[in-house]
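As structure tokens, the next two blocks hold two forms of the same chain, structure 1 and structure 2.
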Structure 1
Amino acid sequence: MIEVNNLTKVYPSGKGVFNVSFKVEKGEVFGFLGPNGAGKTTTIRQLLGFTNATEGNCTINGLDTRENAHLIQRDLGYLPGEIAFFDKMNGHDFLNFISELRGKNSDIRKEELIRYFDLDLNHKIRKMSKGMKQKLGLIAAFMHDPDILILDEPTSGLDPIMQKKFIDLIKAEKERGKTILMSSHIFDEVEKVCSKAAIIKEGRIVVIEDIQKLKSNRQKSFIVNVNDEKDLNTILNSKLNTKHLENNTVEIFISDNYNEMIQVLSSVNVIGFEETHQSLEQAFIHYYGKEGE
């Protein structure tokens, strides 16, 4: 359905994406993961036909995305990563404008989505908060009920309740057979909805994998506080992968060897225990072995 074939796009600065290839099958929710600046938006721009590839190409439904952008757009919903609306409009004006540009029947889900995201459209876009703008962008991307959705950082700016609502919407769309590509720099978000993910780093794909497999291989870390130095040494001297942080605090890295950690911790006096939320970069540096590579 969506195919990226050996795509290389080099900017004058030398940055860009290099030899990127992946496929999103019909009905699949595909996560495109990478830290900021890794090349996610560069790849997505090419999928929308905004730029000319240095080499390679992208197709959607077999059509070249650069040559046939306007044909592909009939059945595609797009959420840009950087929200740049038409400032002077209010929310209503904007959605009407977009649906008029799209042509007949292109706002069939508008009212339903406005209610779903609970958005007041009577504000000038210039005065909207980042979260409101993000909701408006999502409504514009979904309102014509397209079969394919390309969403660049869809949850940025949304509060946790709206993030949950967004995740639920994606799940529902998946049930309805929609094909979705969403980029993110947050692993947790992708892991909740996507069945497959590609991870990109410095312009190159490092892995394309089923989400379950990525999850099980993903290293987790916990910050543990203990009472005294004796307990601290017990942990540091165990077989666990650890890092001494400060005083009686230690970070423990595990993948699926929870039992091992619990056994060690049960022999000491734990006074603090919390899971760290790893950035994506840490997550897949660990996934791919040691830092520095």
Structure 2
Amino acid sequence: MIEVNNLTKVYPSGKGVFNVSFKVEKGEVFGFLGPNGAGKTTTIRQLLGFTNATEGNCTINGLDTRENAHLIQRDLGYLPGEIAFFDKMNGHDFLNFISELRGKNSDIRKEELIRYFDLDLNHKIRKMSKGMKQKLGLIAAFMHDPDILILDEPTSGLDPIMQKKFIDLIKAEKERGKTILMSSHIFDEVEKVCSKAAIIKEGRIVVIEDIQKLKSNRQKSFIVNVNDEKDLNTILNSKLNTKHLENNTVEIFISDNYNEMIQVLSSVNVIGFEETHQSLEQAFIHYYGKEGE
């Protein structure tokens, strides 16, 4: 349903995206992970037909996204990372305007979403909070009941309750067979709704993997508390990958070298041992390295 083929878009600064390729199958929720500046929005802008690629191409539902942007956008559900509104309009005016642009009557689904997100549309947009504007953007993206959605940082500005409601909405849309590409840096929401994810780093895809496999490949982490400084130094001076936390407490990171860890710990007086509950974020850091590296 969504296909990116060897996409390269180079800006005068030399930054951009390079040989990016991935596919989103029908009925799949696909996560697109990376920090600011990694190339997520550049790729999404190409999918919307906003820019010309230096090389490569993108298709949505078999249509070239640059040549057929007007046809694609009529049916596509799209939430930009930074939404531009007509500030003098109120919420009703804006949603009616979007419906007219698409040439689609979306009143039934629109009213359902307004109630779902509990949004008062009588306010002028310029007086709306960040969270209210985000909800307005989400309603605009979903109200015509599109089969394909592209969402760029969809929960930005939403409070925790609305973030949960958004997750529930995505799960329901997935059950209905919708195809969704979701750019995000919030690992928890990607874990909950995506079946597959791509990680982009400095404009290049570094991994595309099933979420469960991505999590299972991450390093395991253990918090170990030892009796004294001598024991602490024994662990820190070993070949294990460690991080000194505080006092006589250390975190040990391992992949498959359990025997080595057990050997080292058997030579010290361990008074506390706990495995940490890691998330997809650890898998992400595995590909990006620690901060500053």
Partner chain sequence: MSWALFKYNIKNNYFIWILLTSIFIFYFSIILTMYDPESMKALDEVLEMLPEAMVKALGFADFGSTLYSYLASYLYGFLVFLFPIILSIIINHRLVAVLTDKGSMAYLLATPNSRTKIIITQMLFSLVSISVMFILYTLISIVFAQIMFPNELDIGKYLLLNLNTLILYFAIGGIGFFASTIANDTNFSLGIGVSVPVLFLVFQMLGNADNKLSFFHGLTLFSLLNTEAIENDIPFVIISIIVSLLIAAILYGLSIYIFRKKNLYV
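Each form is matched to the other, and the largest set of C-alpha atoms that superpose within 1.5 Å is called the rigid core. Predicted, not measured: the structure shown is a model, and the values here were computed from it. Along the sequence of structure 1, residues get numbers from 1 upward.
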- prompt: Just checking, which of these two is the form predicted together with its partner chain?
  reply: 1
task: Using a rigid core alignment, state whether the CA of residue 145 is displaced by 2 Å or more between the two structures.
output: no
message: So, superposing on the core, is the move of residue 226 at the CA at least 2 angstroms between the two structures?
response: yes
task: Align both forms on the core first, then report whether residue 163 has a C-alpha shift of 2 Å or more between the two structures.
output: no
- prompt: Relative to the superposed core, what is the Cα shift for residue 106 between the two structures, in Å?
  reply: 3.4
